[in-house]
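Have a look below at one chain only, the form predicted on its own, in structure tokens format.
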């Protein structure tokens, strides 16, 4: 279960004062219509001069006011590669580490049943990715914190120079060392319980959705085989009708129904892939949740390290000021060997320690503020994500169940029609 008690540990945060945002307290999706209209295959040279084939996606935007007023305003359009979407998301993650960033659709098909192509240039896969990229942009543009980012706006509206703009922000400097983050996970002493529970939940969410996707792929394989084997009925009935005079018309009609039934599975399973893609989105959301939790661990670890450093420096100053040095400390041993420091040396060291203590106190203050900002904003966004996740998965599972019911009804109708054909013989 998700950590509901986190509401008591962290309140919703206030907006930051980033210069990267525009029109505060607004939602980009309320001001702009966004769609990924089409995909196009292109060829060109990559960074090392080798020829490659890739897919680009056409993003179209228009003013929501113009659409509401019925004015026929031509859309603004830009072409983007998948790698540019990846760059945008990397920027958003590093710039807003306290938000659960919407995931991109998969780069290569996973959890596919054996008749479905895993080629990332396959037209059906490219179309599903187009839908996924549009969904990504709509989620970002409707997010209360991410939607007002200027880089996002430039990504949507400027064909050229947006990459230069995103690199000029220096967002890559905010990337945490993986080794450092990994160490913080095991060395942090007092992470908040709500984030520990959320990290555990994200792992369970990923496990359950991946198991569901694997089960669905196995079921799809078997359903496909069952439907296709009905084509044998169609072939047999059609061939049999050629040698029967009285029963011929009925057998031929029954064969036609069986052929239609066998052919219908391709369209059914293609529709089913769209529901699978919705589950895959939340499979990826699990990693986005963990990223927010790992950032909390890192900010907490940095605060604890800064606090320990401050305590150590204060202890050094107290020992130097009182002359009460621990016998088995390094300082105690050197005093025994070489004698006490001169008064001038002692005063200089006290002054230096006072300066270091002041710096350490400033560091603790900064790290405390960073930790508190992350806790407040991250937990507020996690609660927003939870509501969105519950609603989306409920709708997806209900729609999937309805599709399965319709598929069964169509099967029953085919057999009812076949029965009618037999009755007419």
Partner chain sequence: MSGHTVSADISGHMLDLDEDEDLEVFSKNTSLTDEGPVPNSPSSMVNQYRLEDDEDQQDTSAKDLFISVEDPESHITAIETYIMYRVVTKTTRSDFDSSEFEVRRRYQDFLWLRSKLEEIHPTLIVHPLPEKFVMKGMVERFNDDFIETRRKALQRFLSRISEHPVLSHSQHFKVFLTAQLQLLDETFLFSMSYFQACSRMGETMRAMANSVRGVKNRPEEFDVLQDYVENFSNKISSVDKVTQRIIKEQREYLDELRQYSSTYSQWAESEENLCEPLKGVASCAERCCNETEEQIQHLSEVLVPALHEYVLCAETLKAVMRRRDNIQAEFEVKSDTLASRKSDLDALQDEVDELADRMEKSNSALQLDCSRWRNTMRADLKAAFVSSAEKNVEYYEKCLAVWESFLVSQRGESISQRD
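The term rigid core refers to the most C-alpha atoms you can superpose between the two forms while keeping them within 1.5 Å. Numbering follows the first chain given and starts at 1. Just so you know, these numbers come straight off a predicted model, no measurement behind them.
Although it is not shown, the form predicted together with its partner chain is what the next lines describe.
You can rule out all but one of 90-98, 242-250, 139-147, 311-319: in the model of the complex, only 242-250 has residues with a heavy atom within 4.5 Å of its partner chain. In the model of the complex, every residue of the candidate spot (204, 275 and 425) has a heavy atom lying within 4.5 Å of its partner chain.
Residue contact with its partner chain in the model of the complex: residue 50 places no heavy atom within 4.5 Å of it. Not displayed here, its partner chain is kept clear of residue 300 by more than 4.5 Å at the level of heavy atoms in the model of the complex. Its partner chain is not shown here, but in the model of the complex it comes within 4.5 Å of a heavy atom of residue 209.
Taking non-hydrogen atoms only, residue 155 never approaches its partner chain to within 4.5 angstroms in the model of the complex.
Between the options 350, 175, 263, 229, the residue in contact with its partner chain in the model of the complex by a heavy atom within 4.5 angstroms is 229.
Between its partner chain and the residues 367, 389, 62, 374, the one pair within 4.5 Å by heavy atoms in the model of the complex involves 389. With contact defined as any non-hydrogen atom lying within 4.5 angstroms of its partner chain in the model of the complex, 279 is the only contacting residue in 279-293. Residue 160: CA moves less than 2 Å between the shown form and the other one after rigid-core fitting. The rigid-core alignment places the CA of residue 233 2 Å or more apart between the shown form and the other one.
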